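Both blocks below hold the same protein chain, though in two forms, and each is given as structure tokens: structure 1 and structure 2.
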Structure 1
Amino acid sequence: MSAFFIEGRDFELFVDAVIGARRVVGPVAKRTKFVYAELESAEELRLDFDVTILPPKKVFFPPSQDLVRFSDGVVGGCIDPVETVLLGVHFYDVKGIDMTDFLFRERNEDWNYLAQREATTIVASSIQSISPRAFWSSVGAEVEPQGHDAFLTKVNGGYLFETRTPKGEALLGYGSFREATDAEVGAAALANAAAMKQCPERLDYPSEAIAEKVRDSFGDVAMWDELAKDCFSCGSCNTVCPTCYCFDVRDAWNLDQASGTRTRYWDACLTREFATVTMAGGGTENFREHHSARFRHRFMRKAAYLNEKLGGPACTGCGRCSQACTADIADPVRVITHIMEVSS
């Protein structure tokens, strides 16, 4: 890893140069919120964002993604990666990308995801503003973000640019970078350490203890009924989660009834239809019919089931689910703290 510095006045020129050469996706303002979108100019980039509505996984795993197109018995794939720079990703979202990287590569590699992932350079960035529901400083501390190619930290007078891979180093040619001084490296370390102390929410228990207690709470039906009593089963918490990866696959036939498209769509385990399966004779069965069972399943997945596989919880502490929940009951800090307290 090498550290470089770029003056603030030169940073926009650098971003514009990258935009001129590649597709660049970064955080932009959308009214009072922020979203990841393709940049047309450096002026659109908002590295002072707190959290985006949807996580950056949508660059590789979009909400709607064509898998194959078919016509008269001929089937063709839809994999068409575009060289992309994903600029401005907070560390907790890098951790989310790391998890989806692993899950889409495990066993049968999913190249509908991996092709675009491998064509993308990720530049992480320091956290300048804190989301009001964030708790990333106290969840999964044992898991370090790995999947970024460079890290950008705003310091006095400009930005420290730390390269981590050859893909990150390749971006240096687009800007007026020089080697960073020890003082600039130190200032960046202090800025990132200070951000870790500013989360408004906090989990006061280690991941291993949480996983054990959450698993042990599975049979406490009354508790889960109470925690989920206001759930609308809307799936908003799933939709905004950086580590949810379930999808539904549907075929759409054209009017000629000989051609069409197979497409996958994000799916949500909180919705009623998610756990409905077809039975013999045309009937159906829902193996998580009550919304509290679906609510419980989500927390089992995020706090316990995947820990051994991922090295820590499948939650990054971004707080998106808390903000998206209409009933304001999805907050992992509230739910997990309750479980830890009633189970102690």
Structure 2
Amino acid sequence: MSAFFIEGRDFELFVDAVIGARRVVGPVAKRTKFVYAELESAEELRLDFDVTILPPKKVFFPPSQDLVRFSDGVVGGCIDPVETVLLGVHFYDVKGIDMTDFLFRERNEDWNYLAQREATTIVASSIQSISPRAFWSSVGAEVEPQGHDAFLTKVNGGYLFETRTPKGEALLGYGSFREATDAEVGAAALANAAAMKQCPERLDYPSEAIAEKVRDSFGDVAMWDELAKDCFSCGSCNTVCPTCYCFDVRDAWNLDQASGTRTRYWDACLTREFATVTMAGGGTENFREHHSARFRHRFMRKAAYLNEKLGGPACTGCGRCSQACTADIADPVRVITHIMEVSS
């Protein structure tokens, strides 16, 4: 596909034109942070965001999503995708989306996710500001971001718009784009490379070595207990993670007490009851009773179990978990580095 250029002042017009035609979701400010939200006008768009509180997966896999509706013996599905342009996704979040795409597709295709995913055009964007806990330049560096339709890079005077798919090309019609010059393409490449150098944290170990070492550390209970000592089992690290996709399913009746919904909610394997079952006679059994067992499970999943399926850690280096963890113990860089250096 090819590269186009749009002037800064035309860019806003472009965004407004897309908003006029489709639902557009992009990063906006929320108090002192950023979130993805449906845009009402180009003014709200903040492409200078560092990282959003929740990853863009919420567009396809929302925190709560109805799966089935029922009413008087009639039961039906609720898959109801809306044509959407997801504008302004950093490359590490594109990698996160690649992973959830794979995970919701493998073995049993979950159209409750995939339908909205297919109805969405993703425009990735260059990183203009960097979150203090980011380590995306190093983790899983061999895994290339895939699932985007265009890539937007801020360069002097405007934006370079590189289309990757026909879906991305289809957006060209909404703005005054012209073919980019080699100089503009070069400037964009430089800007993107420069951002990689500024990433503040690094996890510089090969994915395979990480998978092996982390898996081997499973039995080091004392180490995991120590690492998880301050864990609240609050699940924040799970909930903000672009590659976490566990959920709970609950039913509820509507006010009429006859109809209702079966809904899935994001769940978190760090929370206490996640693996608890009720036994005959009323007792319960928790297969990951101690919070350190749950803490360990998260790292096993990210760094070992899924690593083998995904070809790299199930971690994009976004640093959201590091930031979200009030006890500041969830940072994959610190935990994995500790395992790589300390555990034998």
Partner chain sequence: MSCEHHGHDNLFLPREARILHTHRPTASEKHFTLQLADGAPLEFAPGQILEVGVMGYGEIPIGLASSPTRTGTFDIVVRTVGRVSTAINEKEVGDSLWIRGPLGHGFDLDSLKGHDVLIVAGGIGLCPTRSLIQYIEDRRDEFGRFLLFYGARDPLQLLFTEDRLHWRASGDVEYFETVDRADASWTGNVGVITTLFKKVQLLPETRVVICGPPIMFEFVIKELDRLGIVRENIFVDLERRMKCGVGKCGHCQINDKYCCIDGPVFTFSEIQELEEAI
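Note that this is a predicted model, so its numbers are computed, not measured. Each form is matched to the other, and the largest set of C-alpha atoms that superpose within 1.5 Å is called the rigid core. The first residue in the sequence of structure 1 is number 1, and each one after it adds one.
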Identify which of the two structures, 1 or 2, is the form predicted together with its partner chain.
2
Quick check: residue 63 between structures 1 and 2 - does its CA shift reach 2 Å or more after fitting the rigid core?
no
For residue 282, tell me the Cα shift between structures 1 and 2 once the rigid core is superposed, in Å to one decimal.
3.0
